[in-house]
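Read the single chain below, which is given as structure tokens and is the form predicted alone.
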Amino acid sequence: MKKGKATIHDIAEKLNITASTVSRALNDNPRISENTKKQVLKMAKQLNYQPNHIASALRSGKSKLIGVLVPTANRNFFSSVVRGIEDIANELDYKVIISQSYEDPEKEIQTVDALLNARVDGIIASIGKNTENFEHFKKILDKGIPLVLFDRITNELEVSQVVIDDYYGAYETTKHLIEQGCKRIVHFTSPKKINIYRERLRGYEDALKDANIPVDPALIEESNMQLEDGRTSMENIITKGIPFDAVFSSSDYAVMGALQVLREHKISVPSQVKLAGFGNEPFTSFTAPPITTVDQKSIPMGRVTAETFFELLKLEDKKSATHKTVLKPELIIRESSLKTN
């Protein structure tokens, strides 16, 4: 038997039919009889035939594949968004290729190239927090391929976007802490160009101003927002002797680091310091005390992002039809931020 992958020509030869008949049978063409379809599928299985989606995409102009690029898949938020995207994609007989940039701009560029080489019908992406040049995304648009951004977006690209109202989520969280009697609220943010942190910072500052509480730059800590960063930021504030009565972090991971450090310093949460995060990661409901956070509606975001993508796919002019969808987040109030009697 010859080596290498089986092709439709091998199936055709075995069944003594034409390659075009095999192709139509594999694509469930109504012109082909059920009996022939069964024979073709049986022989394809025997020969371990794997369809070449790139060749198929070249012929039909459609690969039925979507590239999904996320900074990391091991966050509940991103894995839930992907689940929402797959819910819609699977209904429409599309498959999803998931790639991770690991917050590395170079890896992000390489991944975009790999997805384009795989002939995906379009790309859905959330930008890595260290990305400052967006030429690789412009290349997707220049090729006339649909691109939809979600959560982490940039205003430097004219594309369809799906986001939550980060400003509203941060404003409501800060307002809640103020209502619990807090006046010296530390805020953990990121210095990066990413929209989500800028909007959360703006929500925090406006809630303070609306309550006639001055914004104190000494209470704003910038970092990469991981657990270790939260620990470092909390240690910085305590070491400097800056008075504070609450911490509102733009990331659940950083607020978890803050909780650990407060515990080590025998500072009681919530009676001495109140805490709130952002993201509603599963661990926030299992900590002691459970942490107040903002739910980002990740599965609905995934579904809406996929729906936006498929609407775009139908259009002739992919560039001009940009659409921004803003979903409302939900403040989940738990014990870490509540006034104690």
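Whichever C-alpha set is largest while still superposing within 1.5 Å between the two forms counts as the rigid core. Keep in mind that what you see is a predicted model, and the values were worked out from it rather than measured. In case it trips you up, residue 1 is the first one in the sequence shown, and so on.
There is another form of this protein, the form predicted together with another copy of the chain, and it is not shown here; the text below is about that form.
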Quiz prompt | Stretch from 123-131, 177-185, 197-205, 93-101 whose residues place a heavy atom within 4.5 Å of another copy of the chain in the predicted complex | solution = 93-101
Quiz prompt | another copy of the chain in the predicted complex: contacted by all of 63, 119 and 227, heavy atom 4.5 Å | solution = yes
Quiz item: Ok, 114, 211, 215, 242: which has a heavy atom sitting within 4.5 Å of another copy of the chain in the predicted complex?
Solution: 114
Self-check item: Close approach of residue 74 to another copy of the chain in the predicted complex, 4.5 Å, heavy atom
Solution: yes
Self-check item: Exercise: residue 82 in contact with another copy of the chain in the predicted complex, heavy atom 4.5 Å
Solution: yes
Practice problem: Please check if residue 145 has a heavy atom lying within 4.5 Å of any heavy atom of another copy of the chain in the predicted complex. | Solution: no
Exercise. Considering only heavy atoms, tell me if residue 110 and another copy of the chain come within 4.5 Å of each other in the predicted complex.
Key: yes
Quiz item: What residues, if any, in 259-283 have a non-hydrogen atom within 4.5 angstroms of another copy of the chain in the predicted complex?
Solution: 260, 263, 283
Exercise. Could you tell me whether the Cα atom of residue 27 shifts by at least 2 Å between the shown form and the other one after core superposition?
Key: yes
